[in-house]
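Given next, in structure tokens, is a single chain: the form predicted alone.
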């Protein structure tokens, strides 16, 4: 099936209007109302994990759910494919892709990762790649990505190499240098580097990665393909497919662009290899192109993927649209991060210019955060006893360091956050310190 022709025909008939900046900006009262379903009195400073969805978008989603349930057959045969296409067209413009066929809608970044790595695994299994050829990734890659590499690439005979850079990090140059070293290890003993997996913004610790520079290096070093995990990208940092130049890019729309969970995209730069990509859930559309396959993976709720236009309309109710939101979030999270570091006598995990809408803040060493499991218990303790929701990262201390900072909090800022939430977190940690609390009390 010629999916390019099919999509072109549909898009000419059902081309949606591009969301434009609203002439009337959202008021403070309207903003409070849009997020009034959030549990009150919780310091919700963890937007980076699950995102947020305003009432107006939730309402639009519920309307789509009802439209399907009223007459499923009519919705499936006459509406669903066209509505999915409208969302894909909005995403195409949002990320500056060349063609709508480069955009597939998927449930999340983990699904997108499975699509790409499944293809890589087949290359190994079919003998197109040699056993032991390498895939290079950052050591701070998302846990599900690491598991996916294990499940698809390692099992098929590939060799996974991690690029290690120290945290806290002080410059992009540190990341670039370690990435080059990882590529060198990947090409040792006559191996070829078949894929580079690069985060746009690492999850935890949170650090924006100089993806354009790393991709340029990959091209110079003969890396076959580059896949950027931008789960924390769109709405948080600049995302432009033509400028970034990756072969594959995935982004979620629920974290920073106000969609409900279950809306993400996979960009695949147009090439002959795109025909070898398939959704891991095989249904009736198999063989009709990835975008069409992904638009129908069986009976399920597609409503989160249909409200992308409404989510972008909400974005454009803010001054400057998505660019304005990013700038204000960055400014606010840096201010709050510096306030916390000053209050606790610690430091940020990276310079302000190396932060996005999230920032890492060192916790007082006296808390005695000694492992990943203890960090998770401290997070639970803060939630249950202080109504603070924030991820805690454990950093292995360096040799010979006296009173090292071993715990870092990742704070996020989005449009609904208020300074009082960060003050609440500050005061909670100060109370723990004043009470001579240590995480050893959480170990049992």
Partner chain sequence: MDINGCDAKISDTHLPKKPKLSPTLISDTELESEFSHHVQNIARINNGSFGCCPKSVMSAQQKWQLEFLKQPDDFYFNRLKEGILQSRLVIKDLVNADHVDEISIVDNATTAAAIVLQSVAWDFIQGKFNKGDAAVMLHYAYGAVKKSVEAYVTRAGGYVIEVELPFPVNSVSEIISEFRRALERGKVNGRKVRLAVIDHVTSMPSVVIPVKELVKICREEGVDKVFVDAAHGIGCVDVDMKEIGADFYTSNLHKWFFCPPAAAFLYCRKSSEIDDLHHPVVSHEYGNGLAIESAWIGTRDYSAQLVVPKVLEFVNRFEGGIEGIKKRNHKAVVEMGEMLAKAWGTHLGSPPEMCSSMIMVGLPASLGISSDSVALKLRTHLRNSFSVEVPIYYRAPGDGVVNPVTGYARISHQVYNKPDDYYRFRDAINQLVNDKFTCELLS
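These numbers were taken from a predicted model, which means no experiment stands behind them. Residue numbers count along the first chain shown, from 1.
The same protein also exists as the form predicted in complex with the partner chain; that form is not shown, yet it is the one meant from here on.
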{"query": "The partner chain contact in the predicted complex: residue 402, any heavy atom under 4.5 Å", "finding": "no"}
{"query": "Residue 299, heavy atom within 4.5 angstroms of the partner chain in the predicted complex", "finding": "yes"}
{"query": "The partner chain contact in the predicted complex: residue 216, any heavy atom under 4.5 Å", "finding": "no"}
{"query": "Distance check, residue 114 to the partner chain in the predicted complex, heavy atom within 4.5 Å", "finding": "yes"}
{"query": "The single option of 60, 26, 53, 392 touching the partner chain in the predicted complex, heavy atom within 4.5 Å", "finding": "53"}
{"query": "Residue (of 345, 368, 261, 173) lying close to the partner chain in the predicted complex, criterion heavy atoms within 4.5 Å", "finding": "261"}
{"query": "In the predicted complex, segment of 360 to 368, 121 to 129, 220 to 228, 175 to 183 with a heavy atom within 4.5 Å of the partner chain", "finding": "121 to 129"}
{"query": "Every residue of 44, 150 and 282 near the partner chain in the predicted complex, heavy atom within 4.5 Å", "finding": "yes"}
{"query": "Partner contacts in the predicted complex for 68 to 105 (non-hydrogen atom within 4.5 angstroms of the partner chain)", "finding": "68, 69, 70, 71, 72, 73, 74, 76, 77, 78"}
